[in-house]
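So this one's two forms of a single chain, laid out as structure tokens and tagged structure 1 and structure 2.
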Structure 1
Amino acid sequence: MGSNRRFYRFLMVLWCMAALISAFAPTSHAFKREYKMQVTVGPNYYWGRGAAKFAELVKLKTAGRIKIKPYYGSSLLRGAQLKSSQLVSMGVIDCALDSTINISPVIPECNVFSLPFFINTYDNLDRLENGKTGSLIFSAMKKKGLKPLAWGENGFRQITCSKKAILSPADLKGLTVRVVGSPIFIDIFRTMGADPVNMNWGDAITAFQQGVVDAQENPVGILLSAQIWQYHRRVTFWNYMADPLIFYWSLREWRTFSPGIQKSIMAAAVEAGRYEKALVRAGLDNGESLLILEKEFNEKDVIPDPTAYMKGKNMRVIELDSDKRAQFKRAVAPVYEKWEKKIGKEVVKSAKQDMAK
């Protein structure tokens, strides 16, 4: 039986179980024993710690009524990270802290963050999230049965390589690059002349270990936890795309909560998002994130200078200046023509306006 068919059979079983449980569950103000949360990476990643913080704060703010259990490493999805928003909208999974990349199969508008060499600074990213672009994305989610709660962050994605330093598009020619299975990635890397192979994050680590791929791209927070220097000795900081996270809930279930519970969960997501963003930006911004961690969260378990840390692990860290970045941007121009249509002209326009503010 094909793995797709097996997956759909598995989905059906999950869905029937959820339907049975909800049919027999008492309706008025009864809470589930456990609310299942999908998280793509493990508990030691900054992203995983953001999920744990959310669960902890929700429990606290709802006086123990809502208990969220994070399922790390996409274990609820057998690794199939791109299925998360579909399952949350069906109500099979209660909630998620997931990347806009993994949400993009259901919400194509999320690909605006993946337009290559488009958003390149934290200021721009914050303007998008808090501006019209963010609200357009949140309303698209609501239409698809998802209740967005708050933004988190995976980070700007950087490329690492075992074979050579990547300084220009020519360096990518013929390199096998592991990418997420979202189609815009295949288009970006093929356009730049590389040979992209898509795989889920769980399989990617094995592929790095076995040297099946020459390169991969992920934000610094992921590189640190995955200890990428064990497999790839070079990293190019090119900020080629932003990768926000979103805390979100199944809309159908959300509507069954009282306004008080909704308010508490929402406040928990906003606070956990602030914490998680500060973790991933620590040492990469103007110092603000380290201050937030210290003053607001009394958090010391963080790598204060990730660049120096990676160099200390014998990695070569390459920073691209604006001329070099412009070379890459020119190389990926055809991706814009195709993807602006898929994302939607209004969203792309609002992103440009938000960034111009």
Structure 2
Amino acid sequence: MGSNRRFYRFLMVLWCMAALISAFAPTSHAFKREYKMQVTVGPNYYWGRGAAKFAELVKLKTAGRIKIKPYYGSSLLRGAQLKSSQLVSMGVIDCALDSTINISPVIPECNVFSLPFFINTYDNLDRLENGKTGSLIFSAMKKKGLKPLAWGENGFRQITCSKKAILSPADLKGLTVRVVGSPIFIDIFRTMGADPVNMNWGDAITAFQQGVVDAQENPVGILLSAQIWQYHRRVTFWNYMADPLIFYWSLREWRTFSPGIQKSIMAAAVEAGRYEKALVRAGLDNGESLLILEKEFNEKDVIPDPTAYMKGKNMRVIELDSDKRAQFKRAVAPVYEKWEKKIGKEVVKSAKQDMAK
């Protein structure tokens, strides 16, 4: 009897070990008919076109095994765009191309890009994304059940106004400014004496038409697609805040894919990110992105000179120099003191080090 008991115990140990291995090891499974992708904007925005390119490339590189369907306009979220990362981490939504602004409620480190008048240039932004700062943000995402794939871009955010040109912090005092729902936006504009209001884009357009809201801030690509000149005749290029995008997947689901599928999806994200960034920067980075679009993607559906295009729509375009931006940066100094703690001193320090390289 003793030997039988030892044998059964041995079998039980083997069974438990097999159960543990199967629970934690990646498993192959039948691919879904459709993988849902959250996209905040519509398909005609550069951001939306980047999502479409990603879906196209994933299908191509996985020989049709992974078919992604982008759901534009936050339709999966019923407009609640700040819920994207939570639902992807839970596996309710498979993947997303999302702004760091929308990810920031779950990944506060992403607010480093929203520090006002901090990054300012494409070179600085690239250094952060490809440096220690980007690694810290991607590590934080993995801890929250998200698999980051690659960087995209919505662009540096500029400000437009119906009442007057924005040339100094004093010009913002008393203006009602439409902003997104992230708390740091509220702090930035209140600190400069404006009255920031959060509302969706549809309501904002109505408010512009009625004269209830005086100004708004968005990247150039959004301004062009939204035809902002219908409501505002003045735009200030101040690069006050960077707005990167991140392609990411549910980490739980990602682990079920074979290494080959993972490699293909990752390659598709990197290529789509390069394409989407070039769309956003076209005509704003001394011609580099226009060359990328022409030589690598044969893409011609882009406005080659956004500044001239806006001027052609009877907009007054103001481009602030570094001295003018420094005035604004001094005005928002209290925002740094408050948000460095929320973001994490290590991340802010790494950003400064990355930009200094």
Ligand code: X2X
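Numbers follow structure 1, counted from its first residue as 1. For clarity, every value in this text was computed on a predicted model and none was experimentally measured. Between two forms, the rigid core is defined as the largest C-alpha subset superposing within 1.5 Å.
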*Can you spot the form predicted in complex with the ligand among structures 1 and 2?*
1
*Core-aligned C-alpha movement of G260 between structures 1 and 2, 2 Å or more*: no
_Checking S168 here: with the core superposed, does its CA move 2 Å or more between structures 1 and 2?_
no
*Aligning on the rigid core, do we see the C-alpha of Q230 shift 2 angstroms or more between structures 1 and 2?*
no
_If the core is used for the superposition, what shift in Å does the C-alpha of V212 show between structures 1 and 2?_
3.1
